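Take a look at this one chain, the form predicted alone, written out in structure tokens.
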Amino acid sequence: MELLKTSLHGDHLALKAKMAPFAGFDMPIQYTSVKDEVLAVRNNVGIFDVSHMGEFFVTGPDAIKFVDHLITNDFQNAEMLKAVYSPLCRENGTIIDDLIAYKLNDKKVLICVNASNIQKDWNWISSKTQGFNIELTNRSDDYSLIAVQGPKTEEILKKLEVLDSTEFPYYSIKEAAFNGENIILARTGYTGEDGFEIFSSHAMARTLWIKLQALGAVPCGLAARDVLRLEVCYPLYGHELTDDVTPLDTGLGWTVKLTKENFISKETLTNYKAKYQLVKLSLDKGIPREGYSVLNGDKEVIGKVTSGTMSVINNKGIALALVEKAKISADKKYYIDIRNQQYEAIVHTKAFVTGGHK
């Protein structure tokens, strides 16, 4: 099956990016080095082509009510022009995907979903519209999406005149005009740093990509993106989040608002006792990788690494791991098995790196 290409595919090839299949697309994994790209985002500005993500629009009188019913987090009471991160769950509480829902106005909502789940999410959401006065459209093929991330993002976007001087809080969204065209700006991202995501036409994305580089933004690939999100302990669908677990198993209890009047999976999650715990682990020696076994203090296998890498900022191996709560030993010790050798892991209660988002 031929891989899909984003509107910026030719630009990636021109930059001699290392390309690889991801979610059905031919995507840039890295341009220079993962370390340089991570540091660009932590210290300056990095840009990512995330046009493979999916965009659904919900319009109509019941748009907000419908989205609030779909997701576990509280969308109904979010302020206008705000974004809400949430799992999308089945009636049995298991996670279909995680997404961001944007409240554009009282009759218009944008839902941004993961690239690998576009069709699955569309099928699910489409099946739940009965009884709601809404129109649901899949505009995934119509939009390109550039993530601009890093402490100097606001400065660069003001130079580009994409942003004006009006207040734009974290996790907010607005529709704007740029070069005579409508774009959607969201102060969101998945690196832990300040930044914006720009939804635009394909032609506009190419213009923005070139202009942003001219102002000093560094093109970054999916490998750097993965290190960045893991350093700040953001979960990733297909790793920490899967069809087999609930938000309560994966450290996302804060996104499940059981005080809401009703939502899909409320009954199940109200009575659910978590079977797993997501733990943050680091190693002084060795690099933990996805799938490596995690053992307790009694050297009994209790889970596995869901994401692991070498932290650029901390210069040590870091991992998120899903472990069985019932098998966590009294001493709370954890070991990671790397090629039949067990390394004691350091447990972290907070993220490995403190991001700089506003």
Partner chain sequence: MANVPSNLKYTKEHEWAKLEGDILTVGITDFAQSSLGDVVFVELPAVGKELKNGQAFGVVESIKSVSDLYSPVDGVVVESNADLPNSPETCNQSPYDNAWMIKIKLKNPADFNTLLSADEYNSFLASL
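Not measured: the values here are computed from a predicted model. Numbering follows the first chain given and starts at 1.
One more form of this protein, predicted together with the partner chain, exists but is not displayed; see below.
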{"query": "Joint contact, V227, Y292 and Y343 to the partner chain in the predicted bound form, by non-hydrogen atom at 4.5 Å", "finding": "yes"}
{"query": "A40 within 4.5 Å of the partner chain in the predicted bound form, heavy atoms", "finding": "no"}
{"query": "Close approach of G286 to the partner chain in the predicted bound form, 4.5 Å, heavy atom", "finding": "yes"}
{"query": "is_contact(K299, the partner chain) in the predicted bound form, heavy atom dist at most 4.5 Å", "finding": "no"}
{"query": "4.5 angstroms heavy atom contact with the partner chain in the predicted bound form for S329", "finding": "no"}
{"query": "Residue among A223, A83, L163, L136 with a heavy atom within 4.5 Å of the partner chain in the predicted bound form", "finding": "A223"}
{"query": "Which of 66-74, 306-314, 41-49, 321-329 sits within 4.5 Å of the partner chain in the predicted bound form, heavy atom basis", "finding": "306-314"}
